[in-house]
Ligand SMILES: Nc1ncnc2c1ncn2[C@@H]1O[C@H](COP(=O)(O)OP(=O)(O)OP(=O)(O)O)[C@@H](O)[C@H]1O
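Just the one chain here, the form predicted on its own, laid out as structure tokens.
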């Protein structure tokens, strides 16, 4: 029987759903394809992803979330209904849902998430901040009086938090994550080679050869296919990972500054704990080559990638039901709204 408790990592790039007792049951791109004439949904998730950049003017392929928050409520609702139907075909069992959100989310944005998820078929909705969910997902005991630092780099936002005694001591959120790294690769190739590539191509380049750490770098090459902006014709070039270090590192610098700001505002006793325990990195964006080494060298705290960085937030979101009533500082927001 379907469990009534599910956790959703509603990401800008990917939506991951965790079901209590089953684990991760769905992982699909947060993309929807629409018929421009009728506004009818044509494809959702993986099916829509393969249509990105390859459709006629009569089909619109959109990402309904931008920088970690909902930008198109109706499309997000349709996307969630599709995902709910995949994991729970029954119309009678309405689940309790916990959704992770960026730390800097506003009251209006929070209400939008709640209303959208409720309209999609949830019985009750809870919101939990991403770094808290990440800490729970990697198995960290956040109830002890010791500093725990978490950096979650998603597709649209990066969240940094210092946790102790079931509370957030210090936090920040910035709209710089995987998508910004992709954009920097697009700009570099356009400027250096006068070739235009798509976001999907840039994402593949980032995953294959992207790095921000030049020391001891093993040379890697990648063949890029794009459109020459002068001739308008297709063109292939080969780029190396060494070329990308500077442009990606310049974006990563914003993460370094944010981390330094959080450390400056953290009580000295907790900084000492963090120096001993290190910084936990989660999220798909945290897997960028050399990011852990760059952070370690700049803030003098050992940064390490979580064992399962991509799923950590979704797992923690699903497990957060065990912490209801225990967390402070509004980690979990509860609504009694009934689904009409």
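Residue numbers count along the first chain shown, from 1. Remember, it's a predicted structure, so these values are computed and weren't measured experimentally.
Beyond the structure shown, there is the form predicted in complex with this ligand, which is absent from this document and is the topic of what follows.
Peer 1: Looking at 131 to 139, 183 to 191, 148 to 156, 236 to 244, which one sits within 4.5 Å of this ligand in the model of the complex if you count heavy atoms only?
Peer 2: Partner-contacting stretch among the options: 148 to 156.
Peer 1: Decide yes or no: are 11, 14 and 283 jointly within 4.5 Å of this ligand in the model of the complex, with each residue judged by its heavy atoms?
Peer 2: Looking in the model of the complex, the three residues 11, 14 and 283 all sit within 4.5 Å of this ligand (heavy atoms).
Peer 1: Is residue 287 one of the residues lying within 4.5 Å of this ligand in the model of the complex, judged by heavy atom distances?
Peer 2: It does: once this ligand is placed as it appears in the model of the complex, residue 287 has a heavy atom within 4.5 Å of it.
Peer 1: Tell me, yes or no, whether residue 64 is in contact with this ligand in the model of the complex, where a contact means a heavy atom of each within 4.5 Å.
Peer 2: Residue-level check for residue 64: no, no contact with this ligand.
Peer 1: Does any part of residue 179 reach within 4.5 Å of this ligand in the model of the complex? Heavy atoms only, please.
Peer 2: Flag for residue 179 set to yes.
Peer 1: Classify residue 123 as contacting or not contacting this ligand in the model of the complex by the rule of any non-hydrogen atom within 4.5 angstroms, answering yes or no.
Peer 2: The answer is no: residue 123 has no heavy atom within 4.5 Å of this ligand.
Peer 1: 171, 94, 207, 227: which sits within 4.5 Å of this ligand in the model of the complex by any heavy atom?
Peer 2: None of the other options qualify; the answer is 207.
Peer 1: What is the one choice in 109, 203, 251, 78 with a heavy atom within 4.5 Å of this ligand in the model of the complex?
Peer 2: Selected option: 203.
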